[in-house]
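Just the one chain here, laid out as structure tokens, in the form predicted on its own.
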């Protein structure tokens, strides 16, 4: 790693960026325009997020709060838990631990900094991770391996099978950083009685581990408050998902990223609820006025990202969607699969329900919620089995009237690369033009954004979509 990069703490830099941006959001338009002239390095992402008005401002404030919690955790006597986007942070907040989700930090660095997360991605390889390991964890883990992040006290994630590169990255990090580690098993089936009981028992073992690591007994009254806040948040998201089915979609593309970034780091915290309420108000206003969520106001096509998005430097992917008139209908990361959401009607047994009536009911609820997180929900077995990736993608594409489907991931997504071609073939048979991107969602050096954009535009042109 370059010496100058080692001079700065990774978490501190992220905090200073979002905290300053959140203060700018409270200024006048003239003040913000003047500020953008003096921060050319951050102008792209800052302009894109602040351009969303109040929802963008609240998103930045939520992120600033998250980094403040992370940087002050040890001063306040709290433990830091390194975790993944396949694991709900709600149960960590219930034991008063502070979660740090590596994938979100990597995505933010990739989008906010001109140098992306490149130095940290490379340092993780110098430490021992392979170049084909998942870049979503590798970016932030590289910074933590170099001692540039807050020191985690323990690690929690899901087992291999859901994603071997994800689980292996955490196992390696646990060994490299010499930290205690708990792997939660993933359920073989959703809403199967025998599997559900096994999953609840697994969560009880997890709670024992969390109590040992934090020194705090599980406070079920606190867990109830957190879960009720999660229920409120998922209800707001479900409202926006319902409105997103309208043509044109009233949801700005960037909201999808706001939604899942919050879920993976601030689930159960009131700051996330506030940000979601601002988003819902804006979406509802657009819907009532028949306004498209795109800046151009014209929806040309509707696009469903069947896996993850593209976190290229300067947020150019998101700007390109707006420029081309493409409504973003969400991705595997943004859907809640809460009971009552429209797209779950065609996938029997796929939704979860929140129940806080007893300790056992709460454990069942968070186990079921966790089982609906990305990849755990739909990429834990053969892609074309019931309740798996193909079922889910077709149900969402039908419900949202998608014109086309796009796959994007990383070279480390071996769990999907092994089945993406027959998956795309099946989607084409069902009438959905499907494009497989070959870039790295977090590393522009694998394929430049210019090449990625050219290939995307070729797809839309050749298939007669634009």
Partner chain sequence: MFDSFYEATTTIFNQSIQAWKESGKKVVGYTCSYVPAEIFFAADILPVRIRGIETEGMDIGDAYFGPFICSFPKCILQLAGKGKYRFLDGAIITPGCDAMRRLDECWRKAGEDYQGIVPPFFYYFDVPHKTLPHGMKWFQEEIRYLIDFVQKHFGLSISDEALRKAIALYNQGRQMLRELEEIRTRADVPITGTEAFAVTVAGTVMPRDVYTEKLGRLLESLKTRPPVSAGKKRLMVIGSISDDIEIVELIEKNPNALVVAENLCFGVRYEGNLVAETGDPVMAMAESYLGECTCPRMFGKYPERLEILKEKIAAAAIDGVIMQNIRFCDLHGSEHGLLERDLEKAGIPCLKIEREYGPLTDTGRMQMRIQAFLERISK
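Nothing here was measured: the structure is a model prediction, and the numbers come from that model. Residue numbers count along the first chain shown, from 1.
What comes next is about the form predicted in complex with the partner chain, which is not displayed.
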| field | Per-stretch contact check against the partner chain in the predicted complex, the hit in 186-194, 327-335, 310-318, 258-266 (non-hydrogen atom, 4.5 angstroms) | value | 186-194
| Partner-contacting position among 219, 131, 153, 299 - heavy atom within 4.5 Å of the partner chain in the predicted complex | 131
| Of these, 283, 162, 81, 227, which has a heavy atom no more than 4.5 Å from the partner chain in the predicted complex? | 162
| query | Is every one of 379, 414 and 425 in contact with the partner chain in the predicted complex, taking contact as a heavy atom within 4.5 Å? | reply | yes
| said: So, residue 37 and the partner chain: in the predicted complex, are they within 4.5 Å at any heavy atom pair? | reply: no
| task | Would you please decide whether residue 201 lies within 4.5 angstroms of the partner chain in the predicted complex, comparing each non-hydrogen atom pair? | result | yes
| said: in the predicted complex, is there a heavy atom of the partner chain that lies within 4.5 Å of any heavy atom of residue 30, even though the partner is absent here? | reply: no
| query | Does at least one non-hydrogen atom of residue 205 fall within 4.5 angstroms of the partner chain in the predicted complex? | reply | yes
| task | Would you give me the residues of 427-442 that have any heavy atom within 4.5 Å of the partner chain in the predicted complex, in order from first to last? | result | 429, 438
